[in-house]
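For reference, the chain that follows is the form predicted alone, supplied as structure tokens.
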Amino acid sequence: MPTAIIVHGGAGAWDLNSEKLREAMAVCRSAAKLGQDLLSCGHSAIDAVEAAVRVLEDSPLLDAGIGSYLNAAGEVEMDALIMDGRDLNTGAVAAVRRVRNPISLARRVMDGTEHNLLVGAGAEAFADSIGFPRCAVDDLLVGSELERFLALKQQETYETIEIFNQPGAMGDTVGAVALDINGNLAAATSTGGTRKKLPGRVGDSPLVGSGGYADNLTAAVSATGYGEALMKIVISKRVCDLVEGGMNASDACASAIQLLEQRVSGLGGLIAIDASGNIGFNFNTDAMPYAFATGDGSISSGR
């Protein structure tokens, strides 16, 4: 079976003519290429999505890992989810601090504990107990985000959803899904949340079925957007259910985004690969940088 991978750099109010968006697309291409190379060498889908998301987390342009948005207290709290479509194994962390690559910590939760989700101080204690690399807060901060935090402190009426409406406000959340040579699917999603969120706020990203889902019988999905809306319709599992009902990945993503709009007036985006290897993506925001490849074919990208 031909391998496939698709990644996204976050749905949101990107400036369509900005250099930042072009750079974000380039980062997505790099992430997809790394995932493609691993899949071509026989690595598993779960390895490919973890590696691809690490590339996205390491980019200061995107809201995950380095460059994550600051919460209302000026702290960086991150969420991540990884899921293996072979056996539905899942690992996730939420509201975790001082971790450069939350997706890899989520992988360690999946592979090394009997749990699916660890949060806050518990997730950090687990990281320390296994010698997982920690970083300084300053390592995650991007100067422009610190400036925005200081400005937003003066705006008492600011609402977290505004990032999806303000022109040039970029996006949120990154993710990857992949299909390996053995027909196994996997999904990974990572985020710094949304600007000026309350400390301890957890969005859709680390929630199985909302921020992502993977099942070899149907599809692998990663979601991005306004988490409070996405989780209400369990959007990633919804895509898988639509595939089970006969849709391909592309149609299922379009149908789920339509439901997001109609049912909860939500804003967001999706990427998916179904069990037949069909790639899908859809969004209702200004842009969502993405990149994908099938087999050893060239990397395609868009916004």
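A residue's number is simply how far along the shown sequence it sits, counting from 1. Treat the numbers as computed from the prediction; the structure is a model and nothing was measured.
This protein has a second form, the form predicted together with aspartic acid, left out of what is shown; the following refers to that one.
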message: For aspartic acid, considered in the predicted bound form: do all three of 173, 203 and 224 come within 4.5 Å of it, counting heavy atoms only?
response: yes
query: Taking the shortest heavy atom distance, is residue 93 within 4.5 Å of aspartic acid in the predicted bound form?
result: no
- prompt: Applying a 4.5 Å heavy atom distance criterion, does residue 101 contact aspartic acid in the predicted bound form?
  reply: no
- prompt: Taking 4.5 angstroms as the cut-off for heavy atoms, does residue 230 touch aspartic acid in the predicted bound form?
  reply: yes
- request: Answer yes if any heavy atom of residue 193 is within 4.5 Å of a heavy atom of aspartic acid in the predicted bound form; otherwise answer no.
  value: yes
message: Taking 4.5 angstroms as the heavy atom distance cut-off, pick the stretch from 119 to 127, 81 to 89, 103 to 111, 204 to 212 that is near aspartic acid in the predicted bound form.
response: 204 to 212
